[in-house]
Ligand code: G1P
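The chain that follows stands alone, in the form predicted alone, written as structure tokens.
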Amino acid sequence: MGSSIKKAVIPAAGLGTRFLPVTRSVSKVMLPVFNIPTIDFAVTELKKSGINSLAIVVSGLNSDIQKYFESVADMQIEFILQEEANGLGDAILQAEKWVNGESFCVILPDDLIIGEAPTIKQMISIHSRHDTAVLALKSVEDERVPFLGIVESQQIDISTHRITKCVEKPKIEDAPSNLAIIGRYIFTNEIFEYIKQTTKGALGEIQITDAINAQAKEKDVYGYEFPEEHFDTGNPAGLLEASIGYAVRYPEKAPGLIKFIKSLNL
């Protein structure tokens, strides 16, 4: 049985200010985990999930991304220009015409998920059963709550939730739970209307969590709590942790790394 989702969007127009000075000349999504750009992991996950049509939302500064993928033959890739950085909701909105009325998925390369089963593939299965939006979820520590989109939900089974509310970057005392949205989304085409109705929120940007929250008030939105290992590569320390985690999981990539880490006597 083929995938019920045929198209994917990867937002890649972020300025990468936390990685300056390297992002003066290199796009953030091209920074590597070990020796593989984070965006390459995202594209590989899509391929393993049966998706071969991709739109990458870029700024005018992302020519390195286009060059990296110019020889890819097994994925149809289109580049869509986001002229101004107005948040994730706005980046997704740029792909409305390309999506052309279909349901689609979104992957954020900053969120690296390492495991055997592609998270997007599991989410597609849930979407196929319920024909609704699906978000990837992970339980996080209290100190990370104010930096993430957090959900209120009703647990359906060991890994599936029905989401009733989303809050972008709440204070710990105001957070409805510790379940965070982690960089994987499946949307029905209705999401574009909810984005258009969304005003600028946290950080003066159009937040996708606000649009999802509006949708959850009117329609079912599901969450998939994935078991695989997650790394936040959107900051330098997280990128380094991901590189170490990847090399430890695949020791043949760096046979002397574990010995070196042990030699530090931390």
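Here the structure is a predicted model, which is why all the values come from computation and not from measurement. Numbering starts at 1 and runs along the sequence shown.
We do not show the form predicted together with ligand G1P, though everything after this point is about it.
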Residue contact check: L148 to ligand G1P in the model of the complex, 4.5 Å heavy atom: yes
Is there a heavy atom of D90 no more than 4.5 Å from a heavy atom of ligand G1P in the model of the complex? no
Quick check on K165: any heavy atom within 4.5 Å of ligand G1P in the model of the complex? no
My question is simply whether Y185 lines the interface with ligand G1P in the model of the complex - judged by any non-hydrogen atom within 4.5 Å. yes
Exactly one stretch in 235 to 243, 38 to 46, 204 to 212, 59 to 67 has heavy atoms within 4.5 Å of ligand G1P in the model of the complex; which is it? 204 to 212
Identify, from the list I195, L108, L137, I124, the residue with a heavy atom within 4.5 Å of ligand G1P in the model of the complex. L108
Within 4.5 Å of ligand G1P in the model of the complex, heavy atoms considered, which of A95, A133, I113, I181? I181
